[in-house]
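What follows is a single chain, given as structure tokens, in the form predicted on its own.
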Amino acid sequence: MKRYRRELSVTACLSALLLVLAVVAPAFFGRQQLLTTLTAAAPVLVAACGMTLVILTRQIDISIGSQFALCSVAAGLMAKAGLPMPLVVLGAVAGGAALGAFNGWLVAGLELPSIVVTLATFVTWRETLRWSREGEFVKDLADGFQWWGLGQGRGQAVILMGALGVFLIGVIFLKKVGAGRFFYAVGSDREAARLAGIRPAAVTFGAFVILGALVGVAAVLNAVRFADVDPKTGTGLEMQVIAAVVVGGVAISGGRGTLWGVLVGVLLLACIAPALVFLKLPPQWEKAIQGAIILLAVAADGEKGKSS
């Protein structure tokens, strides 16, 4: 049980929050409200699965909000040009993977600090998009873009199933596939992993590429919820994703954590914004709470490291 102490504690916090809402604001559990909350959380879960791999290798990527915006706009432009949705998805995934590969090359290939690299690309991609679009939304999209052309109800179901599918593949990959264990090995002890025949640089590069590809998936899952694509989308996404991963039990020092904990972390953070509304509290508290969650999770990891 000690091994999953963080996951259990986060599950207890989520349960307590839901219990309070059940008593004080039962309307939170309305069918449409729950569907809206889960649909909004689905892209965050997909991106968090990729971020888990990066943090497991003892790295970080704070540029994913900018990558998300670029992939969203790219998906919108491809749909506007008349490309079928499967090609739109593939294009967004390929674009995200390329952005991730660039970060991975700088971090794993040139051995630059990931926090510095991704801070630079965060600003570069966001400002490039601002300059190229000048704040203009991508409009006049094909009829089959919003909700996949299936209507809101079935479109939401596709988004949720897609996110769940990515999550389950990630769980199987990390737990059952030998290559999945490489990420834990590199994050736990890079030199020991190298001596065991693992190539730490290749694993780290792969983590950034997978994260970028999943950001592309997340961007499409989010973009199809709307009639137009906002070039400012993804602002603050890095805070949501990192908070969900860290509070879910993935050690910021690398080498430890599970996607099940990340799932609970995503659900907890997804409930904060609507909970503030239903509890009639200022919505501005959301970012402060996210920051506090990251700080508490990192502090807990520090204490655990001292005691071990």
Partner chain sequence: MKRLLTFLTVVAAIVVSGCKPSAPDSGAPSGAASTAGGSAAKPLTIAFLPKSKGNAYFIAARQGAEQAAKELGVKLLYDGPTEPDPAKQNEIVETWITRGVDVIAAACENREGISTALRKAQAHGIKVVTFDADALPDARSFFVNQATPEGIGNALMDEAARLLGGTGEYAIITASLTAGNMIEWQKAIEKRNAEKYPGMKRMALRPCDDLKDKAFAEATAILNANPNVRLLMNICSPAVPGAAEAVKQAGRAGQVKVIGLGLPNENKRYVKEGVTDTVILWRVVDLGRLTVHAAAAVARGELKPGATEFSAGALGTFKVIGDNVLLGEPFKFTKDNIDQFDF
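Note that the structure is a prediction, hence the values are computed from the model and not measured. In this text, rigid core is short for the largest set of C-alphas that superpose within 1.5 Å between two forms. Numbering follows the first chain given and starts at 1.
This protein has a second form, the form predicted together with the partner chain, left out of what is shown; the following refers to that one.
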property: Proximity to the partner chain in the predicted bound form (heavy atom, within 4.5 Å), stretch among 160-168, 125-133, 207-215, 81-89; result: 125-133
property: The partner chain contact in the predicted bound form: L221, any heavy atom under 4.5 Å; result: no
property: Any non-hydrogen atom of W148 within 4.5 angstroms of the partner chain in the predicted bound form; result: no
property: is_contact(L267, the partner chain) in the predicted bound form, heavy atom dist at most 4.5 Å; result: no
property: Any non-hydrogen atom of A273 within 4.5 angstroms of the partner chain in the predicted bound form; result: yes
property: Residues of stretch 21-38 in contact with the partner chain in the predicted bound form (4.5 Å, non-hydrogen atom); result: A27, Q32, Q33, T36
property: P283: Cα shift of 2 Å or greater between the shown form and the other one (core-aligned); result: yes
